[in-house]
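The structure tokens that follow cover one protein chain in two forms, given apart as structure 1 and structure 2.
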Structure 1
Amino acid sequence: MRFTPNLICNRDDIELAKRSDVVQGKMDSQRIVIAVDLDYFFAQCEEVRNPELKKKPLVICVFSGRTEISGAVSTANYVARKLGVRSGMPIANAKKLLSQNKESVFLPVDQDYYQTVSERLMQTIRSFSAIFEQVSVDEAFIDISAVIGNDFEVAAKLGKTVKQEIYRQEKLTCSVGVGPNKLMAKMAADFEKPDGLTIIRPNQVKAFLKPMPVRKLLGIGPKHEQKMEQLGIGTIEDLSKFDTGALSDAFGKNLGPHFKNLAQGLDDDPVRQRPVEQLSRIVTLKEDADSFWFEEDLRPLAADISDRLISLGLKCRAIGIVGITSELKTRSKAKTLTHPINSSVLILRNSAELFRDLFSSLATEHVRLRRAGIRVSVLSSEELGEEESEEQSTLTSFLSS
């Protein structure tokens, strides 16, 4: 665990926190939840990969392929945002907004690269608490109640430590919120961006929510906001005081009271572990490849994926490979395995076969790969398959001979 000395937490505290009876006891009383939200994640990953992009308007795009400017903006750095670029807007509109800025950069989404960075980040965040929930590629919650009780001073220090550790490891900033539940922790993380740290104690919840427009409340969409305006509800405070029966009539017997609870800062949704669906790693090759000569470059990727699977107690039933061409196009292949595995040897062996097949199928296209990656999926906690069991038995015999 990564705690600074003045956080008054030691390894015994953490091991105690992992006991289900202790965790449940703390959750039944006062909770403290930390929300971690990576700032403009895709664009920031590109800035880390190429620091020269930091001072330029940078737009990450989902190109449709119809034309050079068709598609939508995935995200943008804050330089581009200040010039009006927003997620979801057509790429053509973003280019018009930035037409006078000759340094503007438009890049395609590099999902495999971002996923690889995300998996490392989530491992770091997970290391701070036994109760962890990944919400998306760039957001997560941890419940630290079992570790520190209801001490928000220590929670604030821990939130700062999380930020420092993420920056130390990945050179990425994040916004962190600390609150008495997931709702308030998330709203705290959204309150100050980028690189923010906001703490909302239980006695500060009402004052924090009171002046905010109702659209700022998580779960309130444009249609909900429009209907609330018709009811005379403009702020979160208005919603918190509104008649419950009238809200039920307007939004339904479940959703109406739910909105009122949220407006009062109430949220009993626990931080819960979600199943890991896939793991991937990707590497930039020493030089562009038109044949499969880079098996040794894949070995660390296979080893890293294997270590991660083993640490999670998982095996995979499917392996895929991805190649990014010199023209930044994606080529991929995948296969379903007969038995679940988590051996780095078998992951590498299957990946190598897929890359050989890929190059064979691309022989007439003269394609060169700039980046290569491995992805495993269909994850489960099943027992080792026959193939892997036989290999491990052979390795054991070799090591003991």
Structure 2
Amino acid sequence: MRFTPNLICNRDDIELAKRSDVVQGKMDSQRIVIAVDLDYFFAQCEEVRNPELKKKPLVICVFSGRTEISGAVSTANYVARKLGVRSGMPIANAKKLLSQNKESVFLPVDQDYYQTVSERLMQTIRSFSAIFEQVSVDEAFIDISAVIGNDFEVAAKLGKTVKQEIYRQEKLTCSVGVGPNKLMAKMAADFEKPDGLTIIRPNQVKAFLKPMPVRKLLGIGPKHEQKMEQLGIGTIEDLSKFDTGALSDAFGKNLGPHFKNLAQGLDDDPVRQRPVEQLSRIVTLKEDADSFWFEEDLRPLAADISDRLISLGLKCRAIGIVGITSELKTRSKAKTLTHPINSSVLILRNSAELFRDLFSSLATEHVRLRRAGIRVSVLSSEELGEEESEEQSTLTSFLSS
């Protein structure tokens, strides 16, 4: 079976595609979703900036600052991947793998640059449908049902057009998937990786999923895979036939049935822009800390989170800290405030207090911290928060006491 068509789109199709004035009808039964996933995004951005890099192994690194080379690989181009470099890998390991190749290049992430490119890309993708969801800096969904109707052949052309338009504007390649929902669109995009275009029509869903290992399903990682293996589940087909009750027992009341739906290619999650729910920043400390003497390391984190809250017009009513121990275990503490805040000073004061708490526990365990971070959540619009109900309940409890 083949999933990849080869069709060219004309000018009329583009104009048709741009018609976002069509109402988002409740034709829930037949959706067409497109997933766009930029190829090795950070590294490809660097290649566009300096085409010399295209032939060389290129590794984009997050340097932690502990030593000259400590840190992890963010992403790498396909030349480096062919030699075994993977994202998440320690930089030192990547250096070892590429030590024979004098051409290889290691660059630090340039988040601002990628962000600027990303914003232009998202504008372009969005111009194809108003029903749009940005998933990450380099990934997005559009729901084109209202724009195109229920015709996968037209959708295939539109997918091709999206790729061409992105390449024309930014000289970047991407992988595009077209499917009846977000899950299938995403899995289609993953099916053929650099510069791919894959269409999965509703009648192809079962055959597409059937033979795949469960690990390929979105949301099933190494841990879930291992658990499934113990249950005798190897392929997506195995999962789709497994007893729902048993899945609930193994993965929880929510997740168990969810996995079974995914295995059948079912996903009714709508394409929509999701509100920001939390903001966080974390740093690696110069040396592992066994007491709270690094308030200076925290100050820039608090300032950055405060800046972001303010520029989004938000305040937070919950604040938390995260610590990563020397053994790479995660420890966290959080508290809810009576009143929403966004100032750097208050964020710092509250997180410092939580860190003192955390260290009193860690001291008795003789555990030290390698990394320390701040997280804020329960975000509300700066103007109209849930102020009214807050006042109300305070008053009520006061009167009834």
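Between two forms, the rigid core is defined as the largest C-alpha subset superposing within 1.5 Å. None of these values were measured; they are calculated from a predicted model. All residue numbers here refer to structure 1's sequence, counted from 1.
Undergrad: Pick one: is 1 or 2 the form predicted together with the DNA?
TA: Of the two, structure 2 is the form predicted together with the DNA.
Undergrad: How far, in degrees, does the smaller rigid part rotate relative to the larger one between structures 1 and 2?
TA: Angle reported for the domain motion between structures 1 and 2: 62 degrees.
Undergrad: Superpose the two forms on the rigid core and tell me the Cα shift of R274 between structures 1 and 2 in angstrom.
TA: Its C-alpha shift, to one decimal, is 3.2 Å.
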